[in-house]
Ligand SMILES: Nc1ncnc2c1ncn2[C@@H]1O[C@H](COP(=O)(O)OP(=O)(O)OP(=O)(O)O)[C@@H](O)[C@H]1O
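Take a look at this single chain in structure tokens; it is the form predicted on its own.
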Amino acid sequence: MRLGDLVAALDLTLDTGESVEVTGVTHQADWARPGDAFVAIRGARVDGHSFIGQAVERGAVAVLGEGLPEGMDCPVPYVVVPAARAALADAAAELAGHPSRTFPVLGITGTDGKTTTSCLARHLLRHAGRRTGLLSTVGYELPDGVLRQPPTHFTTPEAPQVQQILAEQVAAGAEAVVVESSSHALALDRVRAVDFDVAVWTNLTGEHLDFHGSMEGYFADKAKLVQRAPFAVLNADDPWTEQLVSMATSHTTYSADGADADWTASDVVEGPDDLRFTVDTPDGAAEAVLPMIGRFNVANALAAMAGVHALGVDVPTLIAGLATFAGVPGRMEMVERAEGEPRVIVDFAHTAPSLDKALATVRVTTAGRLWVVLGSAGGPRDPSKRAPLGEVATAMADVAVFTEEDHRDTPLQEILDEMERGAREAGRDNYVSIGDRREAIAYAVGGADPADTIVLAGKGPEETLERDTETIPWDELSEARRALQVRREALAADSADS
């Protein structure tokens, strides 16, 4: 695309360089490639204008910014923009051909439940026969269902990477895409140029206030999704929804806690492997089964169903799809087991509050003892959370097994000692420390009774384990399966001997 055409599409003006060919856009000078436009963003500590020379050396053919600093020259055409981050997003979408206009986009935001609701919505759309892609904080999927990591390995991709992924969805034949939208992505305009059709709001609780400054600032950034979509799905149980109603062009509501809403759940039964409840919808009532644990997932299911229904999927199809959901990798993920084996759950909980919530959820449906296997990160991570983790683990579980979790260059024994201290100071002694995580998992699985539940906390879906200066491949789910197999073989050998 010619620079003149790009500038015109962004409703800007250009003094020179109209015929320059632009093939991409970036705000990172070390990512610049020949033909790119470089967007100079003024940050809190660094001004992107100081990297213009590096970007040009790497092939950048134009610069977009909010104005050249006094005394600075630019060796390539410079385009003045009102807001650099907005320009980055808009230029990326223009150069990619606005891929999100090709298919309906379901956006999901909120403090809790975003990932689960996104994965549920993706599953329901696929069950309805639509080739559906996903862009989430755990990675992205094309309609083939293979989880990939974003270009440049950003957890929340920047605007050019978002548009690149959406363009991949077009090329892969996507008929719908679910986009999990974090507060950072909304605040920093990473998803600004995504054409959302439906916005789903889960809830708002205190988080990331170091970035947003206040709950009001946090809300304002999250609310951008609702303001941009022509239709919104709002949580009637969330006190912030009252403000959102006036911001939404059109909306529906849901409630898992008895509030007056369009989509509600009643008669909830929590089983050891699933949730059963009655769904009341604008199209009538139905009995639902969700193969997940944790009553909070009823709200996530309602949000996903209401969002997908807004894209034209009928209630019977939604109910049928809900019953076949396989769960979210590493988030209360149940490991397949044979009859007579303990229940094993893989979860990402790695802070004291999240561990408390996870263990309280599991305790409700545990007939026998509750075990937890967990560690705490080392290196630059906050060491003050180690003792509280030990305290919560031993207070909530019957047996806690302390082990490694990415201890990096921090001596593992130092971390284990702190977790043990937290347990001792709380008056608890129901713990054991086993440094090797594989051995710790095997210890718990081998020692558990059939009625017990074991929660493997902290690693979730992560694919590596950082041990000292070494990074090794890791798959928590596979380790759990391995331990269960060893248990089977040991029991079979004991039976044969007797």
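Residue numbers here begin at 1 and follow the sequence given. The shown structure was predicted, so the numbers you read here are calculated from the model rather than taken from an experiment.
One more form of this protein exists, namely the form predicted in complex with the named molecule; it is left out here, but the text below deals with it.
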I'd like to know whether A358 contacts the named molecule in the model of the complex, with contact meaning heavy atoms within 4.5 angstroms. yes
Is there a heavy atom of G378 lying 4.5 Å or less from a heavy atom of the named molecule in the model of the complex? no
If we define contact as a non-hydrogen atom of the residue within 4.5 angstroms of the partner, is A349 a contact of the named molecule in the model of the complex? yes
Against the named molecule in the model of the complex, would H123 count as a contact residue? Criterion: heavy atoms within 4.5 Å. no
Looking at T278, Q227, T111, T317 here, can you tell me which has any non-hydrogen atom within 4.5 angstroms of the named molecule in the model of the complex? T111
Exactly one of T394, T115, T366, T252 comes within 4.5 Å of the named molecule in the model of the complex through a heavy atom, and that residue is T115
Just one of 295 to 303, 96 to 104, 410 to 418, 394 to 402 has residues with a heavy atom within 4.5 Å of the named molecule in the model of the complex, so point it out. 295 to 303
Can you name the residues of 188 to 203 that have a heavy atom within 4.5 Å of the named molecule in the model of the complex? N203
